[in-house]
Structure formats: structure tokens, C-alpha cells
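One chain is shown next in C-alpha cells, namely the form predicted alone.
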Amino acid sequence: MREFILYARKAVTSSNFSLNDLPGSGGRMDLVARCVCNALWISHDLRRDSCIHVVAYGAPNPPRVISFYGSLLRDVTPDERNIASWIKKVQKAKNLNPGIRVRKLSFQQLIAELASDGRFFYILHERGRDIREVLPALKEDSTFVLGDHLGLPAKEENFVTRFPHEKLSLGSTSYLASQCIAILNYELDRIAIAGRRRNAPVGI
């Protein structure tokens, strides 16, 4: 499974935010919604082999992990308001959607849990190894870790480095977190397509 983790420092950990003010009352919930959209949606369909974990550290009940699973998601549309409305609903009443899971879990607990499953971590970092150097050896079935507009805290980054990992850069340009996810999906899609072509039977 293709997996993303977004560390969201300000994302509100309750249902008490306004859909008319996602950047303010939602603690940059607009950013979170865009990341969820870019992680899971393609034109007219969902990425069934992908998921994204939003680790919310905003008031009033941090930390909280809100996970979206493309294979199970139902009745969610790829726009900021709808995605944010689901985040609002599931924080008030769990088990409303089979594709959205909410847990009282810290970033480090989530990383340790995924590491115990044998996941390899790519940390998005401006001083990491250029993605063009890593292709095509980039491991598609990996977990990509990135921060929001405020970045990933140093202590959390250092914790990830205890496990099998590599720091990955998308180049010298600083992109939005949602754009980073879109770029990663693009590169991973190209790898997957190339792999299928190599393994396709040769016609006689």
C-alpha cells in the first residue's frame, strides 16, 4: 500500500470548527483537506491502494490520528469543504465511514506501529537525496512522511530515523505539502506503469 503521513501542527482535534473558516477555526484544515485529496483522488476515481494518516496536534484534544483509506472510503467527494466536513463529523461520532478511522495516537506511536509492520519510511526533506537519483529504485510500498506549512518538528524527524528510512528531496523549489503528495504520486505512478510494461507478456 502507498502510504502518506501528514504532521498537522494546528489541525483542530474536535468537531468545533467552521466549514466557512477552515484556515482559521480549523487550524489550517484547508491544507489538510488538500493533502487528503491529492493523496487519494485521481480523475473520476479513488486510489484504492493508498491511504493517508493526518496526525493532528491542534487544540483541544491532541494528538489524534485521522486515517483515510482509499479502498474503503465511501460518499466523500474531492473538495476541501466535503473532506473537512467528514473530518468534522468523524471527530464527533466515530465509525460513520468505513474508510475513515480516528484514533487517540501520537505521531511517534503511529511511526512505531507502522515500523513493526516492516514499513520503510521516506522523509520529505529539502536537504534529502534528490528523487531523480532514487528513481527507479524508489520503493512504492512505503510510507512518505511530511510536515504541514510549519514543517516536521526535529524531534519527530529524529524519531523516524531510528527505523529504516531515507530522506528524499523533490528539488530546490519549496512546494506546498499537498503539491509534494501530488508529485510523489506522479513519480510512483510512472514507476508502476514501467514495471507493468516490463512484466507484460511478449506477443508472438
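The numbering used is simple: start at 1 and walk along the sequence shown. Just so it is clear, the structure is predicted and the values come from calculations on it, not from any experiment.
Another form exists, predicted in complex with another copy of the chain; not displayed. Remarks below refer to it.
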Legend entry - Sole residue of Leu146, Cys51, Val160, Cys37 within 4.5 Å of another copy of the chain in the predicted complex, by heavy atom: Cys37
Inset, instruction - Work out which of Pro136, Pro164, Gly171, Pro60 lies within 4.5 Å of another copy of the chain in the predicted complex, going by heavy atoms. - result: Gly171
Legend entry - Triple contact flag Asp30, Leu176 and Ile183 to another copy of the chain in the predicted complex, non-hydrogen atom at 4.5 angstroms: yes
Inset, instruction - Indicate whether another copy of the chain has at least one heavy atom within 4.5 Å of a heavy atom of Arg74 in the predicted complex. - result: no
Legend entry - Any non-hydrogen atom of Lys94 within 4.5 angstroms of another copy of the chain in the predicted complex: no
Inset, instruction - Could you confirm whether Ile42 comes within 4.5 Å of another copy of the chain in the predicted complex, counting heavy atoms only? - result: yes
Legend entry - Proximity of Arg64 to another copy of the chain in the predicted complex, heavy atoms at 4.5 Å: no
Inset, instruction - Quick one: find which of 43-51, 64-72, 152-160, 137-145 has residues within 4.5 Å of another copy of the chain in the predicted complex by heavy atom distance. - result: 43-51
Legend entry - Any residue of 130-149 that, in the predicted complex, places a heavy atom within 4.5 Å of another copy of the chain: Asp130, Ile131, Arg132, His149
